[in-house]
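Quick setup: one chain, the form predicted alone, written in structure tokens, and binding and motion questions come after.
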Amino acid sequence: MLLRDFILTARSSLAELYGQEEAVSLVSVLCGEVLGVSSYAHVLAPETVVPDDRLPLLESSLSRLVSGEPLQYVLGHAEFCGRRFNVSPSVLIPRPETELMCRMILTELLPLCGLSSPSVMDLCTGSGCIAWTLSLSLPDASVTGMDISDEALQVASSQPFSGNAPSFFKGDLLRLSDFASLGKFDVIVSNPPYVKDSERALMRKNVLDFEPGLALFVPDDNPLVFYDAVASFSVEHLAPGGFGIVEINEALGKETADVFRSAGFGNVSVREDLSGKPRYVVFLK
């Protein structure tokens, strides 16, 4: 099969689900990953043939994309803060909003609190993208990640990096007795589930049908359940002079901040993401 024919067919197959512009991007990335060709290879060399030994993988990958499966799961990896992380349907795909949270920690909050070699707890670590990013960026830091999912912990602990590796353990954030033996941490960070069940209808198929609901959804009648737990955890385990930061539902900024104010934390603030939406709550102790 000619590469140009595959590309035309693939773009057409994906356009209805993703739109023409995104379909072009997806096909370009797929061909680059599977075949090692540039996005213009079919234009510069129109007679380029897809190798017979790569065609089955290319076609099966396209079928998965057409079904709505996210490209990151098809490829098995996602980019985050300049590194390539392994991902699977057991973990959320890392997003730019979470990258910004890591940058805020590294460039603003750590210097603000005078912390150069902090102890860090990442609650609901998922793929471990936050824990690994902080640990590799802070060679003298001690970083720990917690999750309730065995599958997620397997992904987090098997990321392909060397250097200052985080440690990971299993725990249920809603059962604080799981953490009774833990000490204090200078930094507590979390991107917990925060999408209300009623917001499912607003989500795209590739998220709703493929990303783990355990890491996404909370009941409408108790949408702040995990922030209550993070606040309770932080009361016991955030060291004096330390800080916490959580990613939040943009519709619940004030309410989420009030959870931490009510728990007794000072300098609680709501921060915006790059789109100007309330996306993070920062609290100091």
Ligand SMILES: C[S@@+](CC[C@H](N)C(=O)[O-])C[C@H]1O[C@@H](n2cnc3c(N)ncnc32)[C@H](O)[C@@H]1O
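Numbers follow the displayed sequence, beginning with 1. Here the structure is a predicted model, which is why all the values come from computation and not from measurement.
Omitted here: the form predicted in complex with this ligand. The next part is about that form.
Segments offered: 110-118, 201-209, 154-162, 128-136. Contacting this ligand in the predicted complex at heavy atom distances within 4.5 Å is 128-136. Only one of 78, 146, 188, 105 comes within 4.5 Å of this ligand in the predicted complex through a heavy atom, and that residue is 146. When this ligand is considered in the predicted complex, only one residue from 74, 182, 176, 215 comes within 4.5 Å through any heavy atom, namely 215. Here the marked residues 253, 266 and 283 all miss this ligand in the predicted complex; none has a heavy atom within 4.5 angstroms.
Although the partner is absent from this view, residue 172 contacts this ligand in the predicted complex, with a non-hydrogen atom inside 4.5 angstroms. At a distance threshold of 4.5 angstroms between non-hydrogen atoms, residue 166 is out of contact with this ligand in the predicted complex. Among residues of the shown chain, residue 243 is not one whose heavy atoms approach this ligand to within 4.5 Å in the predicted complex. The closest heavy atom approach of residue 226 to this ligand in the predicted complex falls within 4.5 Å. For the stretch 77-103, the set of residues having any non-hydrogen atom within 4.5 angstroms of this ligand in the predicted complex comprises 92, 94, 98, in sequence order.
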